[in-house]
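Just the one chain here, laid out as structure tokens, in the form predicted on its own.
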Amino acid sequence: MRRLVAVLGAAMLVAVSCSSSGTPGGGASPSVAATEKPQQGGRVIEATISDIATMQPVLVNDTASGRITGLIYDNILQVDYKTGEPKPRLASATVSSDSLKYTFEMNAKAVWSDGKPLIADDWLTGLKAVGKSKKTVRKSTFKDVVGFTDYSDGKATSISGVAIDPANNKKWTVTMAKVSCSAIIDLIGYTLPTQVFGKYVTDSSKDEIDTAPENTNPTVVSGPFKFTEWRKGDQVILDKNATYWQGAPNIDQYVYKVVANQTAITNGLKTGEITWGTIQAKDLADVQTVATVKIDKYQNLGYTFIGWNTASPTAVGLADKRVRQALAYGIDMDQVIKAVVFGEATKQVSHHVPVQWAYPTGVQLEQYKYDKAKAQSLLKDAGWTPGPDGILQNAAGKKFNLTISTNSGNTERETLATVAAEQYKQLGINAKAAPEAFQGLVTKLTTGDSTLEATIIGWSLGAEPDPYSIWHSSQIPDPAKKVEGFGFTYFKDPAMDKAIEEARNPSNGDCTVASRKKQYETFNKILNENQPYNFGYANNVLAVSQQSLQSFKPGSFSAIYNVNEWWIKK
């Protein structure tokens, strides 16, 4: 699953293993014996700078919303927090020898919060919700399921590739039209209570799932917490699900608190008002002096980037590869990492990040070291020359104006936007930074709003490195048809499409890491040359928690996988 990010661990666009390393704050971590009995009660407050948009997992595009859906809805499989390896959660899974049939069986103990057992129909309800939705960007995830596309297009009333065992309503099979290397992760899907959402995915329903009131007021859940209240712009309050099938959580309440900015998160952690949250690198030294907190530092499964709208009607220069390359050479990203991110990041020149097995190690990629002269030469070759006022203009006399949008409240992103604008001004580009609210920015991106010229935001990637939903040309949004998507750069390349397809659906059926990685290296080479993004950097995640919070063990692939085991030491 991929989501857009506003700030590490708080709100993202939603798309090699690494273990987390605990670093104490100013004082040593309290010694808690492994056999010590967890204490009951208390409240966890997690801080974020962006409010949620929905509690319907089918519609989630950001990590703020994804945090809440992850707390109230369990998945049939769960990836290991350190390795990304899928493991049974709500259900077990087996794969046929030809890799075309997947068999799942719900855990016999799994029940909804209303006491009803989770059954195969609940997984199918989630799949139908994706098919019926006009707002979801998840359709491509299931396109290889036999019959799904016909169902989504309204040509069929059922999904022929899904069969529920008539003798066991907890067991079902999914048949794929072709070998799909990403299927074991993709088919995690969205398990929704049929008793709630079934009425929105009937034979006669259209896109009612998109406006279902339960999307923002969920009444039946399968996760460790259940929804209590959403105070928009302030907080989401969840109470423990006392009937949670894996055992009631130790803590009574989970609050997802919206604060003004990253500084407020840091201050709240220092005073103890906030139980846990992620901080920016500029605050690390300060927080390390605080004796009441502990710090977990690990590699991020995502990156911060500058995305270029290559189809922009106003910043027309962005359509030219030479201009985008000039913009890469024209910003000193190494210095940004040193001065803005305090060295707590790895420069990115590809889509995949170091924590993923798909990270390109066998291909030479251009590193785009800062080179003002080269940037100016490329701009000149592309037909942009200084006008009387020093601003670059093309042969038609159009000035090179560039607005760089980013999410307000994230001082790191805002600083990067300001630095980028200043450095591009030195190239003769009339650039300016323009912060705005995160959720509105996400909507503009996924709907293909042509007013966006450049955007600094980030990806929260998934355990499966398949980039189809972000980079395949079929995922470009179409405002005229009201089709949403993550391909908001409007960049397309047939060879890149082919590499993505071969890594996902190999013609030779080879799903080995070595074979897929070769295709992803071709994919990353094309992106690296064409620069639809300046790929920016992958931050280190700095997760800070109160020393009193026990069993909190975040990793690159998940921070809340064991939330039902957390407890507060009084």
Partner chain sequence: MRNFLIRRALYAIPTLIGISIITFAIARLSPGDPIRLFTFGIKDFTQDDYLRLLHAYGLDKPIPLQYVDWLSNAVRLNFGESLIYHREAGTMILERLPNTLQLAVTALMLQLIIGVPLGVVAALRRGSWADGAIRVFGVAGHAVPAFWLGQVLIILFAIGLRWLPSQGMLTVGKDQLDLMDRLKHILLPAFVLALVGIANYSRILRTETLDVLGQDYIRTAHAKGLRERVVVYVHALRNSLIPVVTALGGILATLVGGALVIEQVFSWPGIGQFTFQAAIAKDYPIVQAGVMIASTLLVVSYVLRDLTYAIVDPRIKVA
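These numbers were taken from a predicted model, which means no experiment stands behind them. Positions refer to the first chain, counted from 1. We call the rigid core whatever largest set of C-alpha positions still superposes within 1.5 Å between the two forms.
Quick note: we don't show the form predicted together with the partner chain, though the next part is all about it.
Engineer: Please determine whether each residue of 137, 257 and 271 possesses a non-hydrogen atom within 4.5 angstroms of the partner chain in the model of the complex.
Structural biologist: The answer is yes; 137, 257 and 271 each reach the partner chain.
Engineer: Verify the contact flag for residue 369: yes if a non-hydrogen atom of it lies within 4.5 Å of a non-hydrogen atom of the partner chain in the model of the complex, no if not.
Structural biologist: Outside the cut-off, so no.
Engineer: Wondering, does residue 488 line up within 4.5 Å of the partner chain in the model of the complex on heavy atoms?
Structural biologist: Contact check for residue 488: yes, within 4.5 Å of the partner chain in the model of the complex.
Engineer: Taking the partner chain as it sits in the model of the complex, is residue 482 near enough to touch it, meaning that at least one heavy atom pair lies within 4.5 angstroms?
Structural biologist: Answer yes; at least one heavy atom of residue 482 falls within 4.5 Å of the partner chain in the model of the complex.
Engineer: Does residue 459 reach the partner chain in the model of the complex, with heavy atoms at most 4.5 Å apart?
Structural biologist: The answer is yes: residue 459 has a heavy atom within 4.5 Å of the partner chain.
Engineer: Give me the residue from 214, 150, 210, 493 that has a heavy atom within 4.5 Å of the partner chain in the model of the complex.
Structural biologist: Only one option qualifies, and that one is 210.
Engineer: Could you check which residue among 171, 143, 380, 116 gets a heavy atom within 4.5 Å of the partner chain in the model of the complex?
Structural biologist: That would be 143.
Engineer: Quick one: which of 242 to 250, 101 to 109, 71 to 79, 180 to 188 gets within 4.5 Å of the partner chain in the model of the complex, going by heavy atoms?
Structural biologist: Single hit among the candidates: 180 to 188.
Engineer: What are the residues of 443 to 466, in order along the chain, with a heavy atom within 4.5 Å of the partner chain in the model of the complex?
Structural biologist: Read in sequence order, the residues that approach the partner chain (within 4.5 Å, in the model of the complex) are 443, 445, 446, 447, 457, 459, 464, 466.
Engineer: By the 2 angstroms cut-off, has the C-alpha of residue 444 moved between the shown form and the other one once the rigid core is superposed?
Structural biologist: It does, since the residue 444 C-alpha is displaced 2 Å or more between the shown form and the other one after the core fit.
Engineer: Aligning on the rigid core, do we see the C-alpha of residue 152 shift 2 angstroms or more between the shown form and the other one?
Structural biologist: After core superposition, the displacement of the residue 152 C-alpha between the shown form and the other one stays below 2 Å, so no.
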